[in-house]
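As structure tokens, one chain now follows by itself in the form predicted alone.
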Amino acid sequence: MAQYTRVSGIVGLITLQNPPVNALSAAVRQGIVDTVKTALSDPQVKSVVICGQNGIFCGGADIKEFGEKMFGPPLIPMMHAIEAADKPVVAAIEGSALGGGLELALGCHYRIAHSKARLGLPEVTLGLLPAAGGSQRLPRLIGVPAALDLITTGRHVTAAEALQLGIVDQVTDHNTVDAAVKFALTVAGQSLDARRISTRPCPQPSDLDALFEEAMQKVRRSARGAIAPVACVQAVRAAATLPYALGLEREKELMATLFTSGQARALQYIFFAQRAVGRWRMPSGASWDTSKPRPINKAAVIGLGTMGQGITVALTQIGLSVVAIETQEKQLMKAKQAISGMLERGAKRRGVAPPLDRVSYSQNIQAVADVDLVIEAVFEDMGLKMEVFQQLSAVCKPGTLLCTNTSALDMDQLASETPNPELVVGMHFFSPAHVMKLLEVVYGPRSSPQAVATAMQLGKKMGKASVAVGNCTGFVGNRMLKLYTEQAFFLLEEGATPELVDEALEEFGFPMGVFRMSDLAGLDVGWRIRKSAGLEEPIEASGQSVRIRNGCRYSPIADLICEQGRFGQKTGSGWYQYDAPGGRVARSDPWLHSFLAKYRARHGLVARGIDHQEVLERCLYAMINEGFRILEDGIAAGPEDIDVIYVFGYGWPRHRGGPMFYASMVGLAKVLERLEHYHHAHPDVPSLQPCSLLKRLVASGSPPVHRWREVIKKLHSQL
């Protein structure tokens, strides 16, 4: 779909029409081919402008067509026809030119962009590469180093940076189409030989081999097993070392490998899953399309520790007035300085004035009397949180939404402290709250759909992947994480080392293994939770072993480490050794290895060889099994919810699609078989007993992940 008109007498104007982002669907591609042909054959037309309707140039390929048989004209011949035209073709870029949209613009002879436009080649984030000539044209236009940066990261650039790099020829603050038409009039009749990017030689840095070697090492480090960034480097190398036609063939070969890969499927799955979680639904039947959020103009944050500071910044940056409450004067002063610093740094990055005047500070909870929404972020202690909710109920105006940032506590118990439990929801942020993309919105049995809708919309405004989940201990993310870390402790008892476990998990794609992450977060955090749950102390009175709690296997290793004052990076030692308190470089610790050997000897445990495969199966399948229980319990509506939580909040590698998608890729029958194997070997670990939903899915023929909801729905209806 593309509309053709003639403007200013001699300029053919082609307008792409495919809302919302003018994606290059089959109909749009056919429209471009037809209208370009019309413009070039019209003797009155001396130049051509291509633009998009509704202020957006083109968002790229139509992802819905991926995996299907492609109809309509292919992109590459279409772009070659534009580039080969004997009349100048100008791209008028408003809004965004991403992926195939930018490749289309690169096929034009000139590019005019609005100052607020954003450009980029984000294909790598979908497990692909720019395969409509983008990996060959961009290096010829802006040089190899800059092209490598954009193509291997997929990052978007502003119009100003695009101008600086040489991607666009002009930037305007005014009507972009008018500016492009005016420009097209000035270049009509001029030679286009130098404007055809594919015919240009690629600029050759003197140290080309060293440049590509360094680029390859860099992407291998950051990609953590993802293959698309590596293929992107190879494609750009082809641009730098081969003639355009041969480089295009190499681009095509690399794309063919990526397009059918499991990683591309995983990345595209998580792309759609992120959108699916916005279409939330509660067990009551209330959903995103029937629940209207309440307007929020002023918010309050109670408790200005690290989490409260980040939440304050996140709320302020979306234009809300925020009242920040901290009863301890010293902490209040420290928080004020930290919040101001974060707001100033964020404003500097965006090139705007810091919104410092939107935040007011107080030690008195009475200051929240006129706000629309409160987020409580005090210390993770139920007694303290209950006290805060009682105070808020007495102070806040009627109808104020009360949100808790708890990561595991019973949200409904907190709601019971208020006269209006329907106004209470959980907003579980992840630290640092102004940076991390995930927000778990937790609803209790009495939470109103409007309260959930309001929290979900607020999360969306903050740029979060917001996921609505039910209320239980640990919600979704931390409930699954508990089983993951539990298996890691058991592996240490059986003969593994922290280094072996972490190495296996990091090779899989996690940014940090379980023990390095524990050292970073602080071992005392988990110790405090275990103490409050009554798990930390040996139950000698009943005569049970120190390695049994509530009839189940328990590993006290982490508790014993904490008793030594080893809390991780903050103390200079934990599972690893650091140069000093606050150190970041983890080193193998002989003391820890000696401690593990003595621990095993004391408990009659014989160390055995453990390989990476067992580490992955024990840690990941135990977590996945709990994910099936969460689906069975109705805490998460579908596998997409769990996968988005783990990708955006817990470092699960995107190119593996999330734990539930990964289970479907491995094969549900294989996951079931391995869980049965490990449960037989460890009958005192009930979390390894396969969930009945997993068994039901295998019995149903292991349907693809997008059909699990049907099985879950049947299960719930039978219950």
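Computed from a prediction, not measured in an experiment: that's the story for all the values here. Quick note: we count residues from 1 along the sequence shown, nothing fancier.
Below, we turn to the form predicted in complex with a small molecule, even though it does not appear here.
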property	result
Triplet 306, 327 and 380 all within 4.5 Å of the small molecule in the predicted bound form via a heavy atom	yes
Contacting member of 353, 560, 384, 435, with respect to the small molecule in the predicted bound form [4.5 Å, heavy atom]	384
Contact residue in the predicted bound form, chosen from 458, 302, 238, 523 - any heavy atom within 4.5 Å of the small molecule	302
Partner contact for residue 269 in the predicted bound form: the small molecule, 4.5 angstroms, heavy atom	no
Non-hydrogen atom contact residue 248 with the small molecule in the predicted bound form at 4.5 angstroms	no
Exercise: residue 407 in contact with the small molecule in the predicted bound form, heavy atom 4.5 Å	yes
Residue 111: touches the small molecule in the predicted bound form, heavy atom cutoff 4.5 angstroms	no
Candidate stretches 366-374, 318-326, 218-226, 482-490, one within 4.5 Å of the small molecule in the predicted bound form by heavy atom	318-326
